[in-house]
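Here you get one chain, nothing else, as structure tokens; it is the form predicted alone.
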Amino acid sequence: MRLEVKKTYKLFIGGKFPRSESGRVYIVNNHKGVFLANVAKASRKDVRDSVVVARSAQSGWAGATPYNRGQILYRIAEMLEGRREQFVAEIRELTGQNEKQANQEVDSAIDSWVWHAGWTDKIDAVAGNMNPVAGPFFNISTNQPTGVVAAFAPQDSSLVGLVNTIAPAIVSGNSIIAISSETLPICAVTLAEVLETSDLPGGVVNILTGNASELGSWLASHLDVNAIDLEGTSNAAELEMLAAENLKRVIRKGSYSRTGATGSLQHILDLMETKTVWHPKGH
């Protein structure tokens, strides 16, 4: 007789896997109510640490060529494909879905990474423009990343909802602090292991597990967070008010589907800012 070694799932901050600063964990059970794992419960200090590393990583990520960002997002899809069996097993264990349903969710998550990878060098070609002006000038509008994004993944999705929350933010050069589903967090930490080995610079994506209601107010009121996605929150109205203090860009609950194999260009653009430049015409 031997005891099975149960994994304690940790946070993903700055490309590393620390325990929560508070030392707290919470129990995650499988779909039958049987103990599955201990998962780190993030604290306010963990939120602050995540914002610091996200800010330090953002400029470098935004400065990478769109082609390079696309390569890295595609590499994430490749890595996720290679660990398909693990993700399918985790989804089935957590949710009780059958094999076909779990495979469909993994397929959608992989395909979504590929879809977003294809947009990295096409955003401005589609959504930027040359503006007509009265005078001898070029007036050009381009789309720039907004900066550091905080996002709450859907509570009812193990994997694809998290992917469709993270990918629209990082495709354009933002960095992100993503809060996973509280009851279905296992795939989030496994995804973090994929990200850590996929050439994504440390700090571009940070994944915290824990209670969204507890973490929400600290992220919404943090003055170094530029945008917030409230999809997985239960107190969105309160968080919108806190976000208004420094004019954060807010994505409201239900704005976009998070279950498909493709995303939305508008979702990407909602996490970007428009920059307009003037340049004199030559003679």
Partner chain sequence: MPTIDPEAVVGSRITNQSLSRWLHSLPGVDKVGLEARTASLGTRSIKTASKAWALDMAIQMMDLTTLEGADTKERVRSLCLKAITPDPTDLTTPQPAAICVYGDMVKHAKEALGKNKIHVAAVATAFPSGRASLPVKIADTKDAVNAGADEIDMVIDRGAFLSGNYLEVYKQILAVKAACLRKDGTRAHLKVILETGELETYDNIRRASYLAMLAGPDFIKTSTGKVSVNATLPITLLMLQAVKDWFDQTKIQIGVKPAGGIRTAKDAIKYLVVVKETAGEEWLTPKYFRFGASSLLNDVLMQRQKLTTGHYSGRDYVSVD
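Residue numbers count along the first chain shown, from 1. Everything numeric here is computed off the predicted structure, so don't read it as measured data.
Not on display, but discussed next: the form predicted together with the partner chain.
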Heavy atom within 4.5 Å of the partner chain in the model of the complex, from candidates Lys41, Arg258, Arg69, His222, belongs to His222
Although the partner chain is absent from this view, report whether Asn29 comes within 4.5 Å of it in the model of the complex, heavy atoms only.
no
Contact test in the model of the complex: Trp61 vs the partner chain, heavy atoms, 4.5 Å
no
In the model of the complex, is there a heavy atom of the partner chain that lies within 4.5 Å of any heavy atom of Lys253, even though the partner is absent here?
no
The partner chain contact in the model of the complex: Ser234, any heavy atom under 4.5 Å:
no
Counting only heavy atoms, which residues in 45 to 60 are within 4.5 Å of the partner chain in the model of the complex?
Lys45, Arg48, Arg55, Ser56
